[in-house]
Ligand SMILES: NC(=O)c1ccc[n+]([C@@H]2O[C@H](COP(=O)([O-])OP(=O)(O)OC[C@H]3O[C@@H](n4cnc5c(N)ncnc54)[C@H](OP(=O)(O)O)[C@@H]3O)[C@@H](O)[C@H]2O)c1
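Only one chain comes next, encoded as structure tokens, the form predicted on its own.
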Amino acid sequence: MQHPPPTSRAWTITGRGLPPSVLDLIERPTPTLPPHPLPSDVPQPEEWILIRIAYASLNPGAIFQMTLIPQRFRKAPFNVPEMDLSGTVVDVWHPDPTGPLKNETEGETPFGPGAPQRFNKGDGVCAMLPASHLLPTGTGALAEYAAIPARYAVPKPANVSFADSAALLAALTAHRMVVESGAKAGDSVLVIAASGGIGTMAVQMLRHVVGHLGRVVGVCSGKNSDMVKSLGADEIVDYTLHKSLPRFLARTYEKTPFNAVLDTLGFQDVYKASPAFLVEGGIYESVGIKPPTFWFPDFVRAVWTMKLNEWWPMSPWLGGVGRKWGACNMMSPSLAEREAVVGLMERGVIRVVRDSVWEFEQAREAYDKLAGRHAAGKVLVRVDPNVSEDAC
């Protein structure tokens, strides 16, 4: 295996704004191991890996980070966006094995000097970097090389491509939404934005959970209906055919209500109408509230609405909607959760639906596609031109 070059390319955030205006492709020193100083999220010595990145997956949260966070709060010398990546380990640093073993979270894999080494040079890996690491260190997925704590990575299954294994965040979010919704065998579940990156994962996971006696209904545009059905949806609601989606859902499913609703984009008007098509005691699980734009005032209004959904009384008599609203927070998934969703990929329970794959130099154009919010599946960036879309 070749040694990493002294310099390599990365997309960096140069200011506050939309991706086309604030992203700059630069040449920078290639990260080295061990990192110094250790970051606040991983303050004690433990295993670190240097990855030659093959693919990165784009997420709407990165656009919000670019438009909302002033540059003065980005303290790292190079601020690289995105949380999702796949690639090959080119270097490993492991602390003195005689040191003390520590376990950061009960039930987690132990980290620290006493823990066994998890990775070796040449291993294929996929990783999801939490915001607690990405923002203060500036380490993101849109770079040719990244040095990261091994706790954020899992081995890439031999039967899963580098491209697909880069889409961890969507799979992790869908997985937690399904768990928090309480969906079980035989249930009827509605998935809103079923053709998106999270929605396509949620449909497949729900099909697996509710079984052949359950019902999965997906909301998407008619052009994506065949694709969503192929993932396991029993019925499709084409939102483009209805002037008011909430009224249509209320009228159509009032007598056969759902046990849970998974809103993978965040529509407040659908939640407000949910008592008409969601059973009493059912959970409306959402990724949040969809702001009309990526700018600060709309974001603040969306956050305030989310808090009202969480705090306001459940009783309609007191002004509440009357159904529990759950907000899925996937900023710090555990290693066990990462391993669980990669296991689902390895066993063929879920597959990644790719909207499009862009070359590394086209990252700005890829973000334009994502910002339109009509991507059918995941928007991916091929960082390493030598790794084909189906290479495993």
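Residue numbers run from 1 along the displayed sequence. Small disclaimer: the values here were computed from a predicted structure and weren't measured.
Separately, the form predicted together with the ligand exists; it is not shown, and the next lines address it.
Student: In the predicted bound form, which of the listed residues (341, 328, 366, 352) lies with a heavy atom within 4.5 Å of the ligand?
Tutor: The option sitting close enough to the partner is 328.
Student: Using a 4.5 Å heavy atom cut-off, which residue among 198, 262, 216, 85 comes into contact with the ligand in the predicted bound form?
Tutor: The option sitting close enough to the partner is 198.
Student: At the 4.5 Å heavy atom threshold, is residue 193 in contact with the ligand in the predicted bound form?
Tutor: Close contact exists here: in the predicted bound form, residue 193 approaches the ligand to within 4.5 Å, heavy atoms only.
Student: Wondering, does residue 22 line up within 4.5 Å of the ligand in the predicted bound form on heavy atoms?
Tutor: Looking in the predicted bound form, residue contacts with the ligand do not include residue 22, since no heavy atom lies within 4.5 Å.
Student: Please tell me whether any heavy atom belonging to residue 301 falls inside 4.5 Å of a heavy atom of the ligand, as the geometry stands in the predicted bound form.
Tutor: No, residue 301 sits far enough from the ligand in the predicted bound form that none of its heavy atoms falls within 4.5 Å.
Student: If we define contact as a non-hydrogen atom of the residue within 4.5 angstroms of the partner, is residue 78 a contact of the ligand in the predicted bound form?
Tutor: So residue 78 does not count as contacting the ligand.
Student: Tell me which stretch of 217 to 225, 116 to 124, 248 to 256, 143 to 151 has a heavy atom within 4.5 angstroms of the ligand in the predicted bound form.
Tutor: Heavy-atom contact with the partner occurs in 217 to 225.
Student: So, 189, 275 and 277: all three within 4.5 Å of the ligand in the predicted bound form by heavy atoms, or not?
Tutor: None of them does, since no heavy atom lies within 4.5 Å of the partner.
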